[in-house]
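In structure tokens, the next block holds one chain alone, the form predicted on its own.
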Amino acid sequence: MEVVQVLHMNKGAGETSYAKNSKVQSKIISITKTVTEEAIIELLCKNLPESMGIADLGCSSGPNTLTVISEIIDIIYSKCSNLGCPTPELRICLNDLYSNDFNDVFGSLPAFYNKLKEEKGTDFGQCFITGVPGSFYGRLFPRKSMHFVHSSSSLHWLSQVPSGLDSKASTGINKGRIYISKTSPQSVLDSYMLQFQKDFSLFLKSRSNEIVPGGCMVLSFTGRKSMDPTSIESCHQWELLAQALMNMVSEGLVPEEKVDTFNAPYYGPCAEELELEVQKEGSFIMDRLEAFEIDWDGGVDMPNTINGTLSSGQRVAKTIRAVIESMLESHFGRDIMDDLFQRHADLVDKHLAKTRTKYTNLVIHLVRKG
């Protein structure tokens, strides 16, 4: 599975689209807004450039994309107004993989610009928004062109399935599972950890070339509090999805080898792993690292016009489907998707009836060394 080719949020505005099923990600953005605001204000107090480079990495499409940019612009505009100085021109780069629905993003820009003009008026500086397709595990921007880099709900995705675990492997090492689990061999855990270390180190190295001295990043993504990667907070969501697949295997609906050769290109690190990689790469100072929890369903209701309010399991399954369906479909085929996620929803409902497991999210503020 080539992650760059198959990983993208569900496009369009249909019932399974990311645009309609990204409330959890929206809540994460809202929770981390204070960290973003404080980081930008600190940056502007140290240096107010005439032209400011800003990037949102893993921007996706739908309402969250321009919400993030709008909030960043509001913070900059408000701070400059308080300082009594003109707003710098803003070079805003929206990045995601090549298969992202950039057409949706660009189609929403005219309304965004009109709203910006109405709210900020003629005293607002120029704002230039561009799309930058490509993997953030590598260079994206010219040297020392960025002042502030933001990323939300993206860095838990790896650049590839760990070596030896992808569908090209002759035998399935992680049988009956699609991610790390309590029953996974130690070699599976080691492969995932090594892939994360390689990827996050490359991410930091790439950004160190692109961010000006004193510039900063605010990154938030799914992680874990425990140092144990097999802890329930880290892997149980994947366990339930694997269980749904294995139930389909038992009914002859999915070949078992298909499950055995699928492993998610995902890793939720703990704080200690992040700190170690930042220290090893050496280009950034970790100014802040916080963990917070969020309900699997985001703690919000999603109305269903046919059957009333969706159950928690259905809400969770729709959110997960909007994010990972493209990968599952490329491996298992489109025909099983509706059945798979209905089974997944039922399993999540049963799990949440017993315990309210939550996602752990990490948010870090990194400052580029001078």
Ligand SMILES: C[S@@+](CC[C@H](N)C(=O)[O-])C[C@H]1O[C@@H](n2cnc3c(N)ncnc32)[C@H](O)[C@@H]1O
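Note that the structure is predicted; figures quoted are calculated from it, not measured. Numbers follow the displayed sequence, beginning with 1.
Although it is not shown, the form predicted in complex with this ligand is what the next lines describe.
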Exercise. Pick from 30 to 38, 58 to 66, 336 to 344, 310 to 318: which stretch has a heavy atom within 4.5 Å of this ligand in the model of the complex?
Worked result: 58 to 66
Exercise. Pick from T230, T261, S154, Q195: which residue has any heavy atom within 4.5 angstroms of this ligand in the model of the complex?
Worked result: S154
Problem set entry | Residue (of S184, S135, T87, Q237) lying close to this ligand in the model of the complex, criterion heavy atoms within 4.5 Å | S135
Problem set entry | this ligand contact in the model of the complex: V105, any heavy atom under 4.5 Å | no
Problem set entry | Proximity of L7 to this ligand in the model of the complex, heavy atoms at 4.5 Å | yes
Exercise. Does this ligand get within 4.5 angstroms of any non-hydrogen atom of Q25 in the model of the complex?
Worked result: yes
For this session: Please check if L97 has a heavy atom lying within 4.5 Å of any heavy atom of this ligand in the model of the complex.
Result: yes
For this session: Quick one: name the residues from 315 to 332 with any non-hydrogen atom within 4.5 angstroms of this ligand in the model of the complex.
Result: V323
